[in-house]
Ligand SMILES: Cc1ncc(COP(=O)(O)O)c(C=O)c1O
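Consider the single chain below, provided in structure tokens and representing the form predicted alone.
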């Protein structure tokens, strides 16, 4: 029943380094909390109690920078993907029911692209800029292109990802302020997905600036801001289907709530996992150990690719600030093998995420949240695939 391990098993059982979940068990306190719900034997409708509501509100305050976070602005979601869809509908409602165009910066996590399609509305893609040094790619915002997009009269929503999936950037405070001011200037709702916030691999080097932390600095942002997060990525509980949105403005919050009135129920497992992850001290200790392991895996891949002549010739790659995802640009490889990176790599024994759904068909994504021996199997397959290109 593992999507990650079973999806491509029929294609020669490749090493799965693709979909964004981890090969590590959730923290023991989370496992115990979910197990206790299972043993209770009652799986009916659940509502968040005061403890989990305060835990979620405190998370927005302490980790996402919303200084005046309060429970009234909180909306529970059965996952982040529904929240992206609700944001598109909410932006439409905020403009009196007129269809709005959604702006996104690509490459981007595919549900950001699907949300407008699901609403049968249009989107405009703004390509991130890529700079390369010694094979390593670093992405930045194309400010002229972004403002051109947001200035369009029909654009009503910017779906933003911070830290960014898949390129791994933690956007700086200056960048976040500039993005927010553009949204205010052009009356665009800013929906900031901050689910990777707690997987910043070196926060001293790349400090986090959540959109909620600049509410007092950017006049007009409060009326246009939706922030979303979840314990799903950090604590490996994506299957518990739980996430939260924080919407300070009452009118926008009402639009979001009504736009999402068809959402699924959050299960008691989701609430229990969230409470344990956010309040049990052992979960923070677990997170710190996880960050140490992920940093080492990231650096291990970077070293392996840097030492391989074929990798240096045929690819560029990110060294992500955050997440357990490394983004490969494979234009030269595609020119040589005349097929997608996904197809070439899977034929040689490793399944990576296909770049095409991210609006980047010449790219692929590595998930390095796995044991080192499994990671090395995948790296060996990547090296072999490059040798045989």
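Being a predicted model, the structure only gives us computed values, none of them experimental. Residue numbers count along the first chain shown, from 1.
Keep in mind that the form predicted together with the ligand is missing from the display, and what follows is about it.
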Practice task
Considering only heavy atoms, tell me if residue 298 and the ligand come within 4.5 Å of each other in the model of the complex.
Solution key: no
Handout entry: Heavy atom of residue 236 within 4.5 Å of the ligand in the model of the complex
Key = no
Practice task
Consider residue 155 of the chain shown here, and say whether it contacts the ligand in the model of the complex, taking contact as heavy atoms within 4.5 Å.
Solution key: no
Exercise for the section: Mark residue 109 yes when one of its heavy atoms lies within 4.5 Å of a heavy atom of the ligand in the model of the complex, and no otherwise. Expected result: yes
Practice task
Pick the stretch from 79 to 87, 288 to 296, 134 to 142, 245 to 253 whose residues have a heavy atom within 4.5 Å of the ligand in the model of the complex.
Solution key: 79 to 87
Practice task
Flag this candidate site as yes only if 20, 165 and 196 all have a heavy atom within 4.5 Å of the ligand in the model of the complex; otherwise mark no.
Solution key: yes
Completion exercise
Of 94, 161, 180, 100, the only residue with a heavy atom within 4.5 Å of the ligand in the model of the complex is 161
